[in-house]
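Shown below, as structure tokens, is a lone chain in the form predicted alone; questions about how it binds or moves come after it.
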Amino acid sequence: MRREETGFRKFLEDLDKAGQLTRIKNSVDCRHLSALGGDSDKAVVFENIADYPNWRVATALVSNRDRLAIAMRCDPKRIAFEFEQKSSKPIDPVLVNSAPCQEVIMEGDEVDLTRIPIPMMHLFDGGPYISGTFAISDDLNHGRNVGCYRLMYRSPTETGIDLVSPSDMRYYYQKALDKKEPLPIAIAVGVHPLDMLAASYKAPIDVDELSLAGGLRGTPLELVKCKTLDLEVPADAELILEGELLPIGWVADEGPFGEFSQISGDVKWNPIFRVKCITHRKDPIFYMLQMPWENDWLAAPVTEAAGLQALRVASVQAVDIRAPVGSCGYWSLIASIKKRPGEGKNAVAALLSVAEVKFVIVTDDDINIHNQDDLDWAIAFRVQADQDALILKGARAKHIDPSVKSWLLGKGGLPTTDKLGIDATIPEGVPKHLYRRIKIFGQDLVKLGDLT
């Protein structure tokens, strides 16, 4: 008897039950998947892919906050708080002997990426892309690491991999490169969105993201050993690519790609991933992470939770936090706090320390940070530019921000950026009653509707 479905397929069932999933049974050309997925207001499973008779494709699974809340099993307004709470209680994974992700095995001459329905996603892309990856590597000193790195098709056995930004796997690769050795990695495609959140979380280097994924799921993640590598992968994944990053450094052209910054990025120089083994389910579902919205909504709770953690370390009591999707859930943080003297600046400094966040606003808890008019009001009347704007120069940046001019750095160079924080809390020394909002006389006593 087949085991009960977990992970990716369980999430598809949850979306279906919530009325958030559309199934398309008509035959679809692989080249049209991205356009059709982007045209849907629901998650989509394409049941019939032309020229790929054994495959289905799922996309747009978490293209809004409500569907992400289904994955987190919480109210949409509580996602960041739930993420931070659950991620603080990791559950170690367990090893199993057999797994759905290894029902079909291709090694040696059988390895052929063209047998997978890898889509063309954006007009200016450098080739077909695998966008929704769960990439696993290992290091003798620091242990296992998981991250999300896009793969551009190059040949039946090779892809490019986006490894330009600072990350633990980039650090592992650089160590291997210094010894002129390849870095073994395994790529899982089609895992639960909570696993993807764990992989994208900026955890300390010694934290095992697979245990973090267990904490988010509330149950141990089942792993199975790879067929050709000394690595373990999620047993309930749809597809596994086993191989290595070649010890050649940042030399291969990769891109352009429609980035989660909502910009069609430039060509980058990146390493090459050589695939030595492909395993998948007998009836596999390829996950096409729809750019940019799925990436943006997956980024937001990770950024928000990191902001909550930074505020807690700074002993500042957070009331609410938001990583606006307009800044791709990544580059901006807005928070409201219960403020004690001086904590507006402390909160700004703490939030500016989060990853590549480069713009921060902090308000008092009387401001609804989800209401742009309320936020603009706080900035207009609580901010003096020379006192309440903090600029941090030369901080870590990300290549896909064009303003950092990363093309000037050469192959493998890492950019820096300047960060801006605004303390929009009530200034010390200004009486709170001067910010008392107007209220119409008698508005609680009479209603126009009662007279009509």
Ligand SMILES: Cc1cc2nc3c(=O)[nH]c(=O)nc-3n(C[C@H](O)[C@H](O)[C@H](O)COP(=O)(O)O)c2cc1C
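Owing to the predicted nature of the structure, the values given are computational and were not obtained by experimental measurement. Residue numbers here begin at 1 and follow the sequence given.
Unshown form predicted together with the named molecule; subsequent notes refer to it.
Asks: For the chain seen here without its partner, which of 357-365, 98-106, 305-313, 144-152 has a heavy atom within 4.5 Å of the named molecule in the model of the complex?
Replies: The contacting stretch is 144-152.
Asks: Consider the chain as shown here, without its partner, and state which of Ser327, Ser211, Ser200, Asn346 has a heavy atom within 4.5 Å of the named molecule in the model of the complex.
Replies: Looking at the other structure, the residue within range turns out to be Ser200.
Asks: Could you check which residue among Glu222, Asp139, Glu232, Asp168 gets a heavy atom within 4.5 Å of the named molecule in the model of the complex?
Replies: When the named molecule is considered in the model of the complex, the option within 4.5 Å is Asp168.
Asks: So in the model of the complex, are Asp162, Leu289 and Asn295 all sitting within 4.5 Å of the named molecule, heavy atoms only?
Replies: Verified in the model of the complex; spot residues all in contact, yes.
Asks: Within 4.5 Å, heavy atoms only: does Ser131 come near the named molecule in the model of the complex?
Replies: So Ser131 counts as contacting the named molecule.
Asks: Counting only non-hydrogen atoms and a 4.5 Å cut-off, give the residues of 432-451 close to the named molecule in the model of the complex.
Replies: Nothing in this stretch is in contact.
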